[in-house]
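As structure tokens, one chain now follows by itself in the form predicted on its own.
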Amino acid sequence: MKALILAGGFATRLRPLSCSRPKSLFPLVNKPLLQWIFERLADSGVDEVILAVNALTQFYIRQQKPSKCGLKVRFSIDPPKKPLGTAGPIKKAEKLIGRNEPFIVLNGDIFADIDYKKLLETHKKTNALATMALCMVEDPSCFGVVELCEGDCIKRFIEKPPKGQAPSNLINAGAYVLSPEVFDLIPEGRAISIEREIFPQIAAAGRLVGCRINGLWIDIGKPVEYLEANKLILDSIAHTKTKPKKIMAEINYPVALDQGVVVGENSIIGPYAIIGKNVKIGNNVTISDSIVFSDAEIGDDVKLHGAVVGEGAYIGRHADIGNGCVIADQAKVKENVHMRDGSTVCPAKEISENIL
């Protein structure tokens, strides 16, 4: 069984963190999103994964080398300066996927607890051309929304309807099983949207089927959603309450501390503090509802609440980082700097004055 992961986007809403990494490599509880996806696919019996990416994303993935979880992984590269949308990469990968059997397609920017075996079984039983995983949400206006008829056949598919005009609260969860016939519907060599151009055709032919999922489903499109995703995952997984050795701080669970973390005396870590590899945290530091990427350094008497600190960043003594602040990779916030809620610092930028 093969799966195609669409991971060629530029994650513009996650800047400045995405200036130096693709969304598929954002850590979720100290593990890259792509590795979470690989694990779920491998558990569902997938043998081979094709990553539809741009050349820069391919470079970052090869550099970071997330665990492949036993999968054979190949790349299908979008042409330079010519993104192919969400359907174009499927057509481009046709030779790698083949026409022998149905295959899985999923968006590489979604964390989803999906039973892909169930999705495939539903597809085969219903003789569908496309089977779509569906998720229930409170506000469907930001997503592709479906209207179901008898037998979970999708009568209509509407991409991002205006508020109050959605036919249901069931949305496209970003995972599908497609039959090889779908290749015939996708023009070659141009950008095309599977949501706006292909799915409506299949729905009109009565061959678009929905399959509801009940597990955790999280979109990490914005920094606030990225923070919330980490908190939800931290709640959902088992975590030890044994305090790591050589840490004198107060630990308020749930927290996630990766290897090599050093914490000074009288610091308070948690709840919902996610600390990456080799992070150094000083004395009298308070960190809660925050994510600190690997190799960052946090000075004495720093306060972090609801913030994201990028890889290799430095936060000086007595800094106070407000809720929703994002400090990008290799940035430096000097001593005594106060940053108001929602402030951002670009990669390698040095901040020496208050942002009020």
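The first residue of the shown sequence is 1; numbering continues from there. These numbers were taken from a predicted model, which means no experiment stands behind them.
In what follows, reference is made to the form predicted in complex with a small molecule, a form of this protein that is not presented.
- Though the small molecule is absent from this view, in the model of the complex it lies within 4.5 Å of a heavy atom of just one residue from I61, A52, A307, V46, which is A52.
- This chain appears without its partner; in the model of the complex, the one residue of N284, N107, S168, Q201 with a heavy atom within 4.5 Å of the small molecule is N107.
- Taking the partner from the other structure, the small molecule in the model of the complex has no heavy atom within 4.5 Å of any heavy atom of R21.
- Although the partner is absent here, P161 is not a contact residue: none of its heavy atoms lies within 4.5 angstroms of the small molecule in the model of the complex.
- The small molecule in the model of the complex comes within 4.5 Å of a heavy atom belonging to G85.
- Proximity of D258 to the small molecule in the model of the complex falls outside the 4.5 Å heavy atom cutoff.
- Of the candidate stretches 289-297, 52-60, 308-316, 321-329, only 52-60 has residues whose heavy atoms lie within 4.5 Å of the small molecule in the model of the complex.
- At a distance of at most 4.5 angstroms from the small molecule in the model of the complex, all three residues L6, G9 and P89 contribute at least one non-hydrogen atom.
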